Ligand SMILES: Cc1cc2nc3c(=O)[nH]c(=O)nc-3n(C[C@H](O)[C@H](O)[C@H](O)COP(=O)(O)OP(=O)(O)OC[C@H]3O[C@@H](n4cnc5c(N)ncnc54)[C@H](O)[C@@H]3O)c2cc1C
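To begin, one chain is listed below as structure tokens, in the form predicted alone.
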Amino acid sequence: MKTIIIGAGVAGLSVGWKLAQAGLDVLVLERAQPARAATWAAAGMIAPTAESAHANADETQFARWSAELWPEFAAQIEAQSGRQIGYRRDGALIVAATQDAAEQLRAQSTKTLLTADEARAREPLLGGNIVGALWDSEEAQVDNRALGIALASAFVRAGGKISSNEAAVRIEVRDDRLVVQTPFALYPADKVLIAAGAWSGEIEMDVAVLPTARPVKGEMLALIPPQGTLPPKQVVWGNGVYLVPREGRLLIGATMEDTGFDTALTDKAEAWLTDRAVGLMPSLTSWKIDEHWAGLRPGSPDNLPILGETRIKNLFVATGQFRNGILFAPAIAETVSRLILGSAAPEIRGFAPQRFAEVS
């Protein structure tokens, strides 16, 4: 069975890897380079507790299930690619600056709520303007850039093929088969998966089956500490940002802007991220900016993922993950690959493309 996947981000590569392992003939078409868009620009948190404040019940349940799948998912990727991806479960602190915020943390989770002194004992870089923090020892992270490279390797080793710098521009139905058109070729396929992130809605079709994708720009910074200073030992959330220790650097994210496909870096974002991080950890004023980058998250009209088969038979979609593409990766791989294979799949009706009554 010939399967075309449009998009070599974490979703497309994860599903493609599962399908290739099952013996399918899988080709991934990537408009640029594999895993160099939202996957590369992310921070790699696997944080169902921290993200639950922004999620509905279906999304929270999906996130927690996916987090449970991550240890085995990571082990398999490393074993089959021969590359390390830096998965580790070293916990996270979710910091409250006010008593009301602390009470909200207490209400949203059964995890341990620390006093301000206990939080600073766990993370000495925290400033004095906090009242407490939620500690979740099960929150994890992965090196998202290493993950993308390893997934591409595992997919190819399983028999999959990647065509880089080849964008899908149109999908047609011809004699009950799907045909994907690129600037270079026509690719007939039995099944097609659109997993092109923020670009998923840019593909031409005779019948509109997807709502307009909403690219959401996010800018991030990476700081390096002064000599002799160590970064935090765990992820820290608070003051509107998250701080992620990664190989001697501290990642700070992230802004959110609806600016279309513009990825230009701005002084405004740099200043906002710096000010927010320093407000959480005052000593960061002496740290140097090592990298400043931007990416486009794949949004959707209702801010929920779009997963499953569309109104066109054998045309599937996996997009709209917004800020949870890394977190959701194993669950998307499991559910969408099973749908494409025609085997029993976990219920994901709340994310089905058909929930949108009208597509414009």
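When you see a residue number, it is the position in the sequence shown, counting from 1. Values in this document were obtained by computation on a predicted structure and should not be read as measured data.
Below: the form predicted together with the named molecule, not depicted.
field: Gly218 within 4.5 Å of the named molecule in the predicted bound form, heavy atoms
entry: Result yes; Gly218 sits at the interface with the named molecule in the predicted bound form.
task: Using the partner position in the predicted bound form, report whether Val15 sits within 4.5 Å of the named molecule, counting heavy atoms only.
output: Judged by the heavy-atom cut-off of 4.5 Å, Val15 is well away from the named molecule in the predicted bound form.
- prompt: Looking at the partner-bound form in the predicted bound form, is Gln33 within 4.5 Å of the named molecule by any heavy atom?
  reply: Gln33: contacts the named molecule in the predicted bound form.
4.5 angstroms heavy atom contact with the named molecule in the predicted bound form for Glu78: Close contact is absent here: in the predicted bound form, Glu78 is far from the named molecule, nothing within 4.5 Å, heavy atoms only.
field: Proximity to the named molecule in the predicted bound form, single hit among Ala213, Ile85, Leu134, Ala195 (heavy atom within 4.5 Å)
entry: None of the other options qualify; the answer is Ala195.
message: Between Ala331, Ile306, Ala50, Ile326, only one gets a heavy atom within 4.5 angstroms of the named molecule in the predicted bound form; which residue is that?
response: When the named molecule is considered in the predicted bound form, the option within 4.5 Å is Ile326.
message: Which is the contacting stretch out of 91 to 99, 276 to 284, 117 to 125, 164 to 172, given heavy atoms within 4.5 Å of the named molecule in the predicted bound form?
response: Looking at the partner contacts, the answer comes out as 164 to 172.
message: Going through 283 to 302, which residues have a heavy atom within 4.5 Å of the named molecule in the predicted bound form? Please give them in sequence order.
response: Result: Gly295, Leu296, Arg297, Pro298.
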